[in-house]
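The form predicted alone is given below as one chain in structure tokens.
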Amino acid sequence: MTRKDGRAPNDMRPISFERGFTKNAPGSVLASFGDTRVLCTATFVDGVPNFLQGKGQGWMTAEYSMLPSSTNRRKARDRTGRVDGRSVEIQRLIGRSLRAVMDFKQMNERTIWLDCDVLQADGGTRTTAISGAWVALHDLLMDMDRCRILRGWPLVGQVGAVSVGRVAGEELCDLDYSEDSVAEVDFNVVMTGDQEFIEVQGSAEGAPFSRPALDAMLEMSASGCLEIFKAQKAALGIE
């Protein structure tokens, strides 16, 4: 099939991570995958949840929301105690994904907050959020290290996430909304910089898919994550 932006099936959309996007958060990144834009900020507060108190280590959690004008039709704001199920699922995914590459014993009893707010949605908001949150987290930890409030460097790996799926019988990487909305199979894949899987979310929206199709989509996701890792490192100026 011909994609509307002319991409090959395994091509990512243009990726960018604009650091220092807002002034007050030590980690603040505007993450862009094509026309999807997510503001990812990373901050910390003193203290940890009850189940970690007295254990002498840190914690991290995440929140995710879509601004009312992020979609074609106005989306009602999430209210305290009335966060929709999709937002809860995604923010839990973001938290799990980033915690997978953290050594919390290198922190004192402080909680890192990752806030991911979708400014503009065109497919792949959760994968953009995860990938951008990693950059914001890196910047926050650099700031904490400069302030000498870390025991050691807690970030033990890189994290990226990408959507893949089957549209009109063909496997595609990094689906935009026009593709995702008609996908026969839809996957979200989270990986580390060592090419290990953190999470694979996938399902058939119509007919079941074969093992070769699954393998092709996982291979495609690994290739896409490599592009994300390169963009993250370029934004941070690291090799």
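Only a predicted model underlies this, so the values are computations on that prediction, with no experimental measurement involved. Note that residue numbering begins at 1 and tracks the sequence as displayed.
The protein also exists as the form predicted together with a further copy of the same chain; that form is not presented, and the subsequent description refers to it.
In the predicted complex, none of the heavy atoms of residue 59 sits within 4.5 Å of a heavy atom of a further copy of the same chain. a further copy of the same chain is not shown here, and in the predicted complex it never comes within 4.5 Å of any heavy atom of residue 103. Contact annotation: residue 12 falls outside 4.5 Å of a further copy of the same chain in the predicted complex, judged by heavy atom distances. Under a 4.5 angstroms non-hydrogen atom cutoff, a further copy of the same chain in the predicted complex has residue 85 among its neighbouring residues. Although the partner is absent from the chain shown here, 23, 89 and 92 each have a heavy atom within 4.5 Å of a further copy of the same chain in the predicted complex. Contacts between stretch 190-205 and a further copy of the same chain, counted in the predicted complex as any heavy atom lying within 4.5 Å, involve 192, 196, 197, 198, 199, 200, 201, 202, 203, 204, listed in sequence order.
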